[in-house]
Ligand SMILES: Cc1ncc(C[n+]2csc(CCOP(=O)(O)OP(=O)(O)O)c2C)c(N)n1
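Listed next as structure tokens is one chain, alone, in the form predicted on its own.
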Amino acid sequence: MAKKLTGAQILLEALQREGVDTIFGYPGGAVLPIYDALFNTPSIRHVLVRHEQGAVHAADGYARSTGKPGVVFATSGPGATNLVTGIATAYMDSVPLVAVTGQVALSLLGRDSFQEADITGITLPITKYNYLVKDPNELAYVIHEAFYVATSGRPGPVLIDIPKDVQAALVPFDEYPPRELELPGYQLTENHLEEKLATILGELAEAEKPVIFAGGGVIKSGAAGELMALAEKTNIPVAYSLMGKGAFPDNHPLCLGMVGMHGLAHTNYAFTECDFLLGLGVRFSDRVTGKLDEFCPRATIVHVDIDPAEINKNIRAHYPVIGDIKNVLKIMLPLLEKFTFKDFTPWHEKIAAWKQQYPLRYENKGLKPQYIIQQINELTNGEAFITTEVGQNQMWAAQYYRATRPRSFISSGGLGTMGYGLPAAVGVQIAHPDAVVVNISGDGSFQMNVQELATAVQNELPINVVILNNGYLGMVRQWQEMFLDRRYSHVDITFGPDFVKLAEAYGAVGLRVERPEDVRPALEEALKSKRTYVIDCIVEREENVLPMVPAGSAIHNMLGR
């Protein structure tokens, strides 16, 4: 005879069966049965944040750094709606996430009840799928299906909304998963690839200036090793998108670095002049392509992606390939032996000349953000987990930090969510307690979720927050300087908190740095400590992120190259 469990107990039992050991969340009235059951579930660690947005970003950071789905709990109404920005962030960057929200009781649905919100309707466009569970007997099946949908194919967020009486209902529970998944409308597509890949390699064998372009799909499919093998066997240079940073080590001789609006000059020139572009798990977003008509104008373009909807969405591919990147490369690598590729030495020499002519550079005067990131890079040898906020800090980090491994550079790419970095760092540090975690931040973005310092301190997380404090909403100011005649409209935030005292108020350690020679000692002190540190670096106010491609321009038209 099957035992009986409440809906809340079934939820927690199912989460354990799915391998969940950590949940980020914030309780409230509509999830009281779940939190009561959680009290008796010591095998799951619950991290109490200070705001639901912090919870979902922390779950996101946990997922990006581990490859496992992040899980977040929130109550109904405002608790659920506070998740929306984080869910959209995960959706845009294809992060596997399962959000569980409480809902008012079934009898109160649709009556504008206290803390009622139609969260499934609200999140419909920003989730892979969502559920309102009205039958407690369906709860276990829904959870199993939700984890499958979140992690299979192109990963993404799934939301499960559970009314309070469904959580409290007592129903039979005897096995998990309760039955085979039935998903006739959810088909994972993959071509029969060998013949198609042979055709593509035949075309590549005729190329003289090829480039491999790695996106976040390479990291998500665990294909970094196959990418390395492909690059080294063919001697083709590798560039990456912001989401692809870490897929190929920055210190490898074949690495071109980041392409696009704030990409490196030699990389943008290489894209413009290449005659063959192999895009792997990329979206060809507007920040990458610039003016579409002038993007890789001479190249045969191959686009490999697991999501058919991405093919030909922004860039028309001569050879579209639908498939998981790791699987595709596993098929492609043995086929390489059948082809003889040209000598790419002249191509490498041309790229080297661009690198020498247009290096990343900044004026060595005052305290510069670029210098601070270089110091972080030197002290961590490119092996730390880096989270970023969004804005100038994010782009400087992408340009100057040299990541050496996948899943180590964690940043909000598609949605560009300010306030992402600190809670994401919480999730990363929870997942990797012995690792070095550095959140590179701006003073504006840091203030958007600064309350999560309390979460970091309470959980004794040795997160290092480095604020590049210029007293501005820096990237907006840069655009106003460059494109709006320096009309600095509402971007001055010099009236702000004393970040050292703020850190101390939360129980963290605060340091202030105003001179270049003081950067390294402050970083060394923080990195060797087991406490949460906030280093407030007072940087040059009007430093710009360069090079920069003006919005809508071709990527070879760069300012400050």
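The first residue of the shown sequence is 1; numbering continues from there. What you see is a predicted model; the values in this text were computed from it and never measured.
What comes next is about the form predicted together with the ligand, which does not appear here.
Taking the partner from elsewhere, N470 is found to have a heavy atom lying within 4.5 Å of the ligand in the model of the complex. Shown alone here, G391 lies within 4.5 Å of the ligand in the model of the complex, counting heavy atoms only. Proximity of T455 to the ligand in the model of the complex falls outside the 4.5 Å heavy atom cutoff. Shown alone here, G442 lies within 4.5 Å of the ligand in the model of the complex, counting heavy atoms only. Across the proposed site, M418, M448 and M475 without exception bring a heavy atom within 4.5 Å of the ligand in the model of the complex. Segments offered: 204-212, 132-140, 391-399, 235-243. Contacting the ligand in the model of the complex at heavy atom distances within 4.5 Å is 391-399.
Contacts with the ligand in the model of the complex, taken as any heavy atom within 4.5 Å, map to no residue of 102-119.
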